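Take a look at this single chain, the form predicted on its own, given in structure tokens.
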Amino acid sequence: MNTTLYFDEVLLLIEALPSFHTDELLLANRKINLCTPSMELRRLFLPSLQHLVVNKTDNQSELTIWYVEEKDLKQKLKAPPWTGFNGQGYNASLNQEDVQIFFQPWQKQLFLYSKSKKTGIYWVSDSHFVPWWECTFSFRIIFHLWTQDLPAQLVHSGAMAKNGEAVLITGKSGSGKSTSCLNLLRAGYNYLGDDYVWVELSDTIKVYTLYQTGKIETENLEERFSDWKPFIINKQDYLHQKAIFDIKNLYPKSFVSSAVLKAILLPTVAYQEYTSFETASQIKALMAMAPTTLHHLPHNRTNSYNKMIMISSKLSSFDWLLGRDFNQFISSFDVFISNEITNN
């Protein structure tokens, strides 16, 4: 069996569903249909994308995502009949030109995407087995696979904006990326994401908010964001997961759907009193952006890498040396935005 036949078998099972619910989304002016018979899965996956939901239209969908659990189907789904899937869910021995598979055999979930059908499928054996983190970046794998034929790329970065102009904030885990974004959110800046964002490539590079879900480690929550505790979504579980927040509900005035990207910031915890900015090279910006993005998104890595080269080549880049003084952190960012971004 090849990957296309396997996909068609799975889709046939799903299309036999007697009923299902459809949510219509709009992302970067593209219509997406999310279809599921499972209200429990909808409860888990829709919140991170709720801000993209629109009233139903007659416009042609550019992506359809089916998401189901085992009990929804009339017969048991066969597991992918191949060995050789690696830790990132990729199998280099398969021909995946049209249909791509993301499968980690030790987990009880499966992602499929067909380029020709512009259709993604998510299956999980039972809603109780959905990893908690999947609900904070719903269908990230499928969105990434969709972008291979689009002038767009998912990027492991945050993005903050003011007056329609944004900076991409990127770096490895522990660099201060998410904390910096959330501190700027509290200071009145517009939030487009602190983990993954959608970047649209054209003469003008734009960033779109994909997820409005913030995640904070317990220690960081206690130290810097303890006043947010009443708004934790996963109150029963945050001590052994991360504290999860609906940013659009928490700070409704911070929401914008898109902004023009003007620069890339590379945060580093500098163990100094005051925050400062220094010009950085395009290569350094690329190396801050690409490795974790490509690690999380296993297919089409060359294509994605080339898109990130384009992003880093078109934008100015800066090392962002994060200091301890919070007030100066905010004031220095205000000055940076005014001098380096707004005036250029």
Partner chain sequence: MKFLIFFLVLPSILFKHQLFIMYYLNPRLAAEIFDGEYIIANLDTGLYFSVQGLAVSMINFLPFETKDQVIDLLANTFPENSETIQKELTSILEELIENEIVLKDDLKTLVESKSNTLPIKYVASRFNKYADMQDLLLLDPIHDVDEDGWNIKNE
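Numbering follows the first chain given and starts at 1. Owing to the predicted nature of the structure, the values given are computational and were not obtained by experimental measurement.
Although not depicted, the form predicted together with the partner chain is the subject of the following passage.
Although the partner chain is omitted here, in the predicted complex all of A79, N86 and H295 have a heavy atom within 4.5 Å of it. Heavy atoms within 4.5 Å of the partner chain in the predicted complex are found in one stretch of 49-57, 33-41, 276-284, 315-323, which is 276-284. The shortest heavy atom separation between I309 and the partner chain in the predicted complex is within 4.5 Å. Taking the partner from the other structure, the partner chain in the predicted complex has no heavy atom within 4.5 Å of any heavy atom of K115. Though the partner is left out of this view, L63 does not reach within 4.5 Å of the partner chain in the predicted complex, counting heavy atoms only. Using a 4.5 Å cutoff between non-hydrogen atoms, R224 does not count as a contact of the partner chain in the predicted complex. Residue-level contacts in the predicted complex: of K172, H240, K229, K71, one residue has a heavy atom within 4.5 Å of the partner chain, and it is K172. Only one of the listed residues (S257, N95, N249, Q107) places a non-hydrogen atom within 4.5 angstroms of the partner chain in the predicted complex, and that residue is Q107.
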